[in-house]
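Shown below, as structure tokens, is a lone chain in the form predicted alone; questions about how it binds or moves come after it.
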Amino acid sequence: MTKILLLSRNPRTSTWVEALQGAGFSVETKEDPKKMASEVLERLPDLLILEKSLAPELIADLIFALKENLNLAFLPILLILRETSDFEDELPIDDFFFESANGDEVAARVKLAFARTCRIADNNPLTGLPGNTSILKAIQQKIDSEEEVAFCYVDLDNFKPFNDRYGFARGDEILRLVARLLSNSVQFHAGHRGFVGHVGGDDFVFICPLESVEQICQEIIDSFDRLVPHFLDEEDLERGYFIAKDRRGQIQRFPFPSISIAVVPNYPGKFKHYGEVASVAAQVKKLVKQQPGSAYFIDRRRGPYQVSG
């Protein structure tokens, strides 16, 4: 059941809870802002409703902390306001209603917030990361803003034969590992300026400030290479390779899975469309995959994208 966390001391709270429960939601209420803020990350709800007047600064800090976290930004947040003048444009909330609202209005606002989230959410079901629609939108926004960022296309080497040898369940664990490594590194070095998405399968994309990209790439590679042996059987570790079928069905020896990162810097005027970025990334991917083991390769060309033909 969808869980809502409601922070309020408003006399109408019980009416709101009754209406929300009647609409099929599970509602947990809190009255202490400090206690609620410390607990919300431990038991993340599906939606937050916060009475702003209880602790304006604390609630603002909590909202920014959630929305700037790459893995939590999807969480819908509604504010309860006393009057129109309490509204702040800079707060990244999803909706609001006034203290005088009745139960039906609150339930309608909550349903609308969830419907809006469903329409824009294309999160990958395995990793929870944003999918293709969000990735293309994020890339185009960076192009339009002419930010000097790095578009980084990530995929795994020898992943298909690894799945054939060990099964999809263990393969999925490696994909979840990659998602965590990307999210943690980009979050730490780039914060809200970063972005991580999952195209599908073993293909990922992340965006970060250009000045941080080499440090992030190397950190991801080091962490992946350190952790991937935990997904391999002892006999394969001792041999230094694993045995599986290639794409033609022939039995072959394969190196352990490694990670490749194709880096495409964005400079003002270099690209006009996200499709141009993808085209350059495909070229860079071929280069990085020629290197043995985990590696990254940066396209150093600065000029505008040229259509070849």
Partner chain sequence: MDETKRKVKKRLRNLQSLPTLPPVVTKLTKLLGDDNTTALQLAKVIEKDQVLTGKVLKMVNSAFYGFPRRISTVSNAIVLLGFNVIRTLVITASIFEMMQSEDLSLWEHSLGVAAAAGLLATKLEIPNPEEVTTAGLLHDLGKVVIRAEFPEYQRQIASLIKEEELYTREAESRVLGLDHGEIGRLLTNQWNLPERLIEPIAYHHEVEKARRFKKETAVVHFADIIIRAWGYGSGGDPWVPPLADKAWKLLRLKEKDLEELMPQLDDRLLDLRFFTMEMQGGGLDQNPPSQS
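Owing to the predicted nature of the structure, the values given are computational and were not obtained by experimental measurement. Each form is matched to the other, and the largest set of C-alpha atoms that superpose within 1.5 Å is called the rigid core. Residue numbers count along the first chain shown, from 1.
The same protein also has a form predicted together with the partner chain, omitted here; what follows describes it.
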Using a 4.5 Å heavy atom cut-off, state whether N184 contacts the partner chain in the predicted complex. yes
Even though the partner isn't displayed, in the predicted complex is D203 close enough to the partner chain, meaning a heavy atom within 4.5 Å? no
Look up in the predicted complex whether N69 has a non-hydrogen atom within 4.5 angstroms of the partner chain, and give yes or no. yes
Is S134 close to the partner chain in the predicted complex, meaning a heavy atom pair under 4.5 Å apart or at it? no
Within 4.5 Å of the partner chain in the predicted complex, counting heavy atoms only, one of 93-101, 203-211, 169-177, 147-155 shows up; tell me which. 169-177
Checked D46, E31, E276, E39 for heavy atoms within 4.5 Å of the partner chain in the predicted complex; positive is E39
Heavy atom within 4.5 Å of the partner chain in the predicted complex: which of V199, A73, L227, A108? L227
Note yes or no: does the Cα of R253 move by 2 Å or more between the shown form and the other one after the core is superposed? no
Classify E28 as shifted (yes) or not shifted (no) between the shown form and the other one, where shifted means its C-alpha moves by 2 Å or more with the rigid core superposed. yes
After a rigid core superposition, would you say the CA of A278 moves by 2 angstroms or more between the shown form and the other one, or not? no
Flagged pair A190/L41: C-alpha distance shifts by 3 angstroms or more in the predicted complex. Which direction, closer or farther? farther
Answer with closer or farther for the CA-CA spacing of E57 and N184 in the predicted complex compared to the shown form; it moves by 3 Å or more. closer
